[in-house]
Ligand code: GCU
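Shown next as structure tokens: one chain only, the form predicted on its own.
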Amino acid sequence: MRRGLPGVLMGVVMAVALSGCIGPEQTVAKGDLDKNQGTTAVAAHPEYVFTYAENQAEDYPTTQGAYKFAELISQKTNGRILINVQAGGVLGDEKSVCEQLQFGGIDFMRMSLSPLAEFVPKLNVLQLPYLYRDADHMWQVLDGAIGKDFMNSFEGSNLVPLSWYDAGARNFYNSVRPIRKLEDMKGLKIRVQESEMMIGMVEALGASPSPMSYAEVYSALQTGAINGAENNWPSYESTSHYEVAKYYTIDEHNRVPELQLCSQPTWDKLSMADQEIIKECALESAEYERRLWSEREKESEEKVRQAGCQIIELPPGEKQKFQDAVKPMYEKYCSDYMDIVDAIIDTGK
């Protein structure tokens, strides 16, 4: 999909600024255009300039993974294919961006499985609460035959999956009280993603789900429209939610991986050789993002603890009560895939 001159210039900026040295705390500034022009060898007339939508901030690991993806593609095609990364949700929320991706209005994105499952229902399996024992268990599943099977489940969706990104473990946080036991969930208004399964999980745990966009959460916590939310360490810290909801309970109810996606109409424009380059770059950027994620989790946790937030770790006995409360969801949402659920649970045992 060709873009006009402004898009081309921005793509060049991203490719140049990302020449192999951007770390988790660096960003790409639009004002760097003039000083970077002409400092790298790119095609005089790029064949393609594509748009990549990312809803997180510039310094977030998934955004940095997107920039690495753009950098690698520019390098491996000598600037013939450029990617213009638009971070911070400027192109819309994940669901609306995904809809645009399906008809080629946007070319690439990184998306959480929770809203993505609305388009590919089988993905509900991978976000069942308390499905994984730990992070190693999840990556054994996703990097193995089961993960490949899910990648092959997108036919007819107009979406092309490229690689798995890490998004850590999701935990509950709120502004009212520490959650130390299942009964503490009762009566809390918890923000969830616009996902039927996430709504069902919060209801099963005794709280009231409040679906809303990610960008609205801080103000909703401030005003008391909601009492809490659930997310990983970097999201809790980078959005400053810890300032208005200081009780963070580590229950790891979800390890929801994320996917880099390409629009099917965009994919169909590319030669097989270019498709292979993009797949290769997506996998390489995923390895990079996972390393950044691990580093960022530690940094975010330290910052939150230093800010005086109260961190609660559920004892095993209490966590089992949370797990038991959501068990009926497995059959409700994934009755057609219980063989896959069982295979995931048995992986690595």
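In case it trips you up, residue 1 is the first one in the sequence shown, and so on. These figures come from a predicted structure and were not determined experimentally.
FYI, the form predicted in complex with alpha-D-glucopyranuronic acid isn't displayed, but the following is about it.
Under a 4.5 angstroms non-hydrogen atom cutoff, alpha-D-glucopyranuronic acid in the predicted bound form has N55 among its neighbouring residues. Proximity of D251 to alpha-D-glucopyranuronic acid in the predicted bound form: non-hydrogen atoms within 4.5 Å are absent; the residue sits far from the partner. The closest heavy atom approach of R255 to alpha-D-glucopyranuronic acid in the predicted bound form falls outside 4.5 Å.
In the predicted bound form, at least one heavy atom of S235 sits within 4.5 Å of a heavy atom of alpha-D-glucopyranuronic acid.
Stretch-level contact check against alpha-D-glucopyranuronic acid in the predicted bound form with heavy atoms at 4.5 Å: of 277 to 285, 56 to 64, 294 to 302, 312 to 320, the positive one is 56 to 64.
Checked against alpha-D-glucopyranuronic acid in the predicted bound form, the residues S195, N174, S263, N231 give one hit for a heavy atom within 4.5 Å, which is N231.
Proximity to alpha-D-glucopyranuronic acid in the predicted bound form, taken as a non-hydrogen atom within 4.5 angstroms, holds for one residue of Q127, S112, N227, S163, which is S112. Contact annotation for 168 to 193: residues with any non-hydrogen atom within 4.5 angstroms of alpha-D-glucopyranuronic acid in the predicted bound form are R170, R191, Q193, listed in sequence order.
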